[in-house]
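First comes one chain, alone, set out as structure tokens in the form predicted alone.
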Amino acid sequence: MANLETFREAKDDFIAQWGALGTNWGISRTMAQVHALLMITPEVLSTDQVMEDLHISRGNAHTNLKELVGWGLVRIVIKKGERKEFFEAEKDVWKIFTIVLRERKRREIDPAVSLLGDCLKRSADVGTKEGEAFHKQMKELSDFAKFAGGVGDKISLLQYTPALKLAAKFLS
């Protein structure tokens, strides 16, 4: 049986690694660390507890908690008789994945689709070789970005088990 010190080290390692992964999702390291702490903690935590566990300032904790609530990865919990807000993370791995997928699409794919559509319109009637090549490339990129966004939308609508079956079929 692992001792308490080994457990704490494992917990700290997980929080640190989740923080590093978060930067790949388009969120800050601290925001991902706050999410990791809440995700692995069985009880709801207050801002003060998050600050203490992660050794971050009140402003940093508050900002990141509110951002996580905005993403839908964390919920505010009100305890009867308490003035403080408490926070709990979504723990369902599939829901976490689909929330991150949805937010990345909204923040990255959707603006790219909009930009590419605008570039398509503005390059539609250019009669030069360079203009035609640009327009063709914008069309291909636009079509792909729309396709990727649509795939993301479809995946986020699936339940976990059907998604696994679909992935298994795709990968075999």
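Please read all numbers here as calculations on a predicted model, not as lab measurements. A residue's number is simply how far along the shown sequence it sits, counting from 1.
Keep in mind the form predicted together with the DNA is missing from the figure; the text below concerns it.
Student: Looking at 63-71, 139-147, 121-129, 108-116, which lies within 4.5 angstroms of the DNA in the predicted complex, counting heavy atoms?
Tutor: The contacting stretch here is 63-71.
Student: Using 4.5 Å between non-hydrogen atoms, is residue 42 touching the DNA in the predicted complex?
Tutor: Close contact is absent here: in the predicted complex, residue 42 is far from the DNA, nothing within 4.5 Å, heavy atoms only.
Student: Do residue 49 and the DNA come within 4.5 Å of each other in the predicted complex, heavy atoms counted?
Tutor: No, no contact at 4.5 Å.
Student: Is residue 37 near the DNA? Define near as a heavy atom within 4.5 Å, in the predicted complex.
Tutor: No, no contact at 4.5 Å.
Student: Given that the partner is absent here, does residue 85 sit within 4.5 Å of the DNA in the predicted complex, heavy atoms only?
Tutor: Taking the distances in the predicted complex, the answer for residue 85 is yes, it comes within 4.5 Å of the DNA.
Student: Go through 43-59 residue by residue and record those having a heavy atom within 4.5 Å of the DNA in the predicted complex; state none if no residue qualifies.
Tutor: Result: 47, 55, 56, 57, 58, 59.
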